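This document starts with one chain, in the form predicted on its own, laid out as structure tokens.
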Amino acid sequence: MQLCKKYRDFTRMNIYQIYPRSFMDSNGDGIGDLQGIISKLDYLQELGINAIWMCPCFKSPNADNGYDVADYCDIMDEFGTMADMDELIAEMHSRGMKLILDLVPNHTSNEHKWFRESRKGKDNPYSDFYYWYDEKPNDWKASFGGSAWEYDELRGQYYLHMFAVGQPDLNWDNPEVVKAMQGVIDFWVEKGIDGFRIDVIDLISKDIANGVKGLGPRLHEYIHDMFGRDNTAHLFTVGESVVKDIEEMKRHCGEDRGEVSTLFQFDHLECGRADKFTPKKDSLRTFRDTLVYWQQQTDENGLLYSLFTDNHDQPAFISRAGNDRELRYETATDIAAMIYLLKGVPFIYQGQEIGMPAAHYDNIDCFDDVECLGAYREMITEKGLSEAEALEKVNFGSRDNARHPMAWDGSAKCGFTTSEPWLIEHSRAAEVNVASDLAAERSVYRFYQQLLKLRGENDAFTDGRFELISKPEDDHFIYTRTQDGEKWAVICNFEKDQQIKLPFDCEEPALANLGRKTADGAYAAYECAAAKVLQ
């Protein structure tokens, strides 16, 4: 089914995700900031990026690195000022780039005015902005460990926090909460931003009495209240979601729903792991087969699909799905071709464009993430793991893996700052960094440049029909994209050298990570190509 025009326009976006705290420090305090982002806009534009999703920049005490918002309409002190934000928006728009902000509507910081007032008792306007109970109504556990219910001495009741204790959940059943969040959205729309990524969108409606944490009975009503209004209909919106059902995805993203443009759907990221902190032996077949399912389902239903492998919560995908040592370049580029020439909206996480692998440390003191530190303690105290065993699991699954300072060069501070960075430098930054990649004969950055250019210049990759060519038993992924009589083949080999024969003839590849001249023939491990099919 053809995408509607608005969604087709969104497929022309190449979105780069920035974790502001770790991207570029402009003032030498060890923390990335808005001026640092401005200084790297040309670098991103040269890559082929025309939109940026920026993780939370709002004022916050940083119990969860900005996902605990103390003021939605002000800038985090470490990141700069509202004048810096205005400059960033102007500089991006002058380059034809869109800005997508990270909205956190499920919870606030416990330092937000709304919560500070709500704690005072039942007789103030913010009393019901949060969930308060005299006794714990259920035994829910918080995602970061421990009970999801915290007793507040001042109010004399328990409040709900699905994440950290300092992140109380907003009560969306209160119409005043809906109005307040609409006001936040309107503030940023008037500033000129172009869209939102919405954090844990499915949690905003809860059925506490029946123990339903997410996908609650009024979820779609609340999403429509945010984004189904005249002044928000033009926005690009992507929700972080646990949806695994195409019918539920249609309820979120259908063209006529007035909710969100697309969702982040995470099934394909299970490749190479048994759970968040436990690896498993796996094949890229797992990745391929899940991508195929969702590509076919979204294509059939005219839905916009989000194309991504990495983000601020995910350790580097290439490290668990391929070879991030001897074949790091091959793995990074092969996986890029596999996913970013599919139909949908590409999201590239900072460092992914140079093939940044997962980090590894020998001391728990090297970690900062509230989630992994809580998990580390539970592994030792409740599951009986040794410190060494728990540390290995944290190294595998910690969100810090994606949050180390961006490695711009191989110097002591990796070109990110002139002082001590807020989080330890990536353990492989001296080896893998922007400067070394750009100087390399085989550059992941230049491959991404070529891939995004190919995608932008050929409507088959943005609008075209997807057709699977490879078989389930194959250790490779071959598919075609067809639009207006023009057909392209994408060939991506997995971990073994092998001969690949196509059922059609092709021109010389327009994109190839190892410089091959024919689409058929002997493929090395993680070799890929994209070639126009001869008609």
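The model shown is predicted, which means the values in this text are computed figures rather than measured ones. So that there is no doubt, residue numbering starts at 1 and follows the sequence shown.
If you look for the form predicted in complex with a small molecule, you will not find it shown, but the lines that follow are about it.
- Candidate site formed by Phe163, Gln167 and Asp313: every one of these residues places a non-hydrogen atom within 4.5 angstroms of the small molecule in the predicted bound form.
- Distance criterion of 4.5 Å from any heavy atom to the small molecule in the predicted bound form singles out Ser143 from the list Asn395, Ser205, Ser427, Ser143.
- Proximity to the small molecule in the predicted bound form, defined as a heavy atom within 4.5 Å, holds among Leu423, Ile89, Leu327, Val200 only for Val200.
- This chain is displayed without the small molecule, yet in the predicted bound form the stretch 192-200 from 192-200, 291-299, 405-413, 435-443 comes within 4.5 Å of it by heavy atoms.
- Shown alone here, Trp488 lies farther than 4.5 Å from the small molecule in the predicted bound form, counting heavy atoms only.
- Within 4.5 Å of some heavy atom of the small molecule in the predicted bound form lies at least one heavy atom of Asp64.
- Contact between Glu240 and the small molecule in the predicted bound form is found at the 4.5 Å heavy atom cutoff.
- Residue contact check for Glu371: one or more of its heavy atoms lie within 4.5 Å of the small molecule in the predicted bound form.
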